[in-house]
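Form predicted alone, single chain, as structure tokens, below.
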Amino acid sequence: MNIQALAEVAEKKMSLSTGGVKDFRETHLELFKKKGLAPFDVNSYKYTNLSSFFEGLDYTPYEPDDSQIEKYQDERFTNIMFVDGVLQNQKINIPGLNLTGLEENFPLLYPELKETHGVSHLHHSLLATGIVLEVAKNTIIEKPIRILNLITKSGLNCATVFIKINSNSKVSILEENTDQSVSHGLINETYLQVEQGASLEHVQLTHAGATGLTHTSTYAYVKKDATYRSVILNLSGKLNRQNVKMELLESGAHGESYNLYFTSGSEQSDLNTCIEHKAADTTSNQIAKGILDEDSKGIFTGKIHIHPHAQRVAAAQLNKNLLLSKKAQVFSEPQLEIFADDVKCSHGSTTGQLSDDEVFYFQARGIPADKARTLLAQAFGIEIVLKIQNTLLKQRAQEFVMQALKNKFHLGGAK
């Protein structure tokens, strides 16, 4: 779909909104028509041409089987479901947890929707439904929350999520993107506020079909003595583009970013992160890993930015990639921007293939080479899953990761 076709999709969906939301959407639709898909930073998209991916999507008529939607519910979690961009349920009876719709909160929230690049303009022009999720002060939500974006038919959809974790509260949230193997574009934006002393574990899992395009932007603002743990698992899809911006705003704020991406065939995964240390005595840790096969491509662009007054900061960043094919490509750009004197920072990047010596070590102990490669790849990827602290989230993530390793890479020799 070209720029004109994308704009026409937004215009057709304009009737779903009224009042301030409709005015907001119309404004951004006009901006999108003028700017197209121009990125906010050319360098951040230099390995990913979004126009070519949108134009390459093959949209075909498809009628979903509504009876199959129920199978996507998982009673282990508190489920909030979007189907083709439409919110399915808006009532949660959990003490200390409040769920409301986007439209009723829009006058207060729209200033947060301030990104001005092309994809964000497109997202804003499609802004029909969304949710605001708030956890009250001094509240521990034991049961994880699962926000599911399910695509059942071809088209272009967006989801918008605002999450506020008030002071001294704790919660675990899973955002999951999947489809019924239909060609589509999904553009998500998630905004998170983690207030003083609060703790948020946020897992984002994408397992789309071979023609799925997912573009996700996440903005996290972390206050004094609060912890934000981000775990991103991009396991399949034609293109997965992930923008993450984490701002550590006050002393004691701690941020963690753990990322795992799988690609095979002609798939592409593009992870762009920026961790902003805006206050002294803040800490962060980032590990990103990729496993790539065939003609696929993986991109990691990670920046840690330490502001001049942010003294006594400790930050670490590492990107590691495992190539299973000589044709797979990796572009890795870890970056440090340090404008303070008293800091402790490190970054690094490694890319390579499975070690023949390690495979031989297994063979010498009676383990076949195919099985050895499987075990080594599992150990490489599962490190990221083990960073998840919530037991249920870790279990669900591990199920998908192990299945993807088996089905996508055929490391054990089984087709």
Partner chain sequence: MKIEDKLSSEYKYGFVTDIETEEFPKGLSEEIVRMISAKKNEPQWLLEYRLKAYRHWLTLTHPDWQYCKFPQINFQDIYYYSKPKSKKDVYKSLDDVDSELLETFEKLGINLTEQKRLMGVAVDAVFDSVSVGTTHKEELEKFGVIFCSIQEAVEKYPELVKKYLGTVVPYSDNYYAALNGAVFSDGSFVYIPKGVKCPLDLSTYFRINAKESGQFERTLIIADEGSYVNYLEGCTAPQRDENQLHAAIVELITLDNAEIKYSTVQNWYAGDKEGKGGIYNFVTKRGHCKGVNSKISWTQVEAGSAITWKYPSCVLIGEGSQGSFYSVALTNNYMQADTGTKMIHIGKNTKSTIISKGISAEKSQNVYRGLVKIMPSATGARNYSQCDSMLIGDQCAANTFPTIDVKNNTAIVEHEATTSKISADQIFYLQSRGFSAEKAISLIVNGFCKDVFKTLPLEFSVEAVKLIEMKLENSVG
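Because the structure is predicted, anything quoted here is derived from the model rather than measured. Positions refer to the first chain, counted from 1.
The same protein has a further form, the form predicted together with the partner chain, not shown here; the description that follows concerns it.
Asker: For this chain shown on its own, do Leu323, Val330 and Ser349 all sit within 4.5 Å of the partner chain in the predicted complex, going by heavy atoms?
Answerer: Yes, because Leu323, Val330 and Ser349 each have a heavy atom that approaches the partner chain to within 4.5 Å in the predicted complex.
Asker: Test of understanding: in the predicted complex, would Glu75 fall inside 4.5 Å of the partner chain by heavy atoms?
Answerer: Glu75: no, not in contact with the partner chain in the predicted complex.
Asker: Find out whether any non-hydrogen atom of Val343 is located within 4.5 angstroms of the partner chain in the predicted complex, and reply yes or no.
Answerer: Val343: contacts the partner chain in the predicted complex.
Asker: Would you classify Tyr47 as touching the partner chain in the predicted complex, given a 4.5 Å non-hydrogen atom cut-off?
Answerer: Taking the distances in the predicted complex, the answer for Tyr47 is yes, it comes within 4.5 Å of the partner chain.
Asker: So in the predicted complex, is the partner chain close enough to Ile338 to count as touching (4.5 Å, heavy atoms)?
Answerer: Result yes; Ile338 sits at the interface with the partner chain in the predicted complex.
Asker: Counting only heavy atoms and a 4.5 Å cutoff, which of 24-32, 350-358, 364-372, 381-389 contacts the partner chain in the predicted complex?
Answerer: Heavy atoms within 4.5 Å of the partner chain in the predicted complex occur in 350-358.
Asker: Considering Asn285, Thr116, Asn105, Gln311, which brings a non-hydrogen atom within 4.5 Å of the partner chain in the predicted complex?
Answerer: For this set of options, the contacting one is Gln311.
Asker: Tell me, out of Pro144, Gly155, Gly197, Pro334, which residue has a non-hydrogen atom within 4.5 angstroms of the partner chain in the predicted complex.
Answerer: Spelling it out, the residue with a heavy atom inside the cut-off is Pro334.
Asker: What residues, if any, in 360-378 have a non-hydrogen atom within 4.5 angstroms of the partner chain in the predicted complex?
Answerer: Stretch hits: zero.
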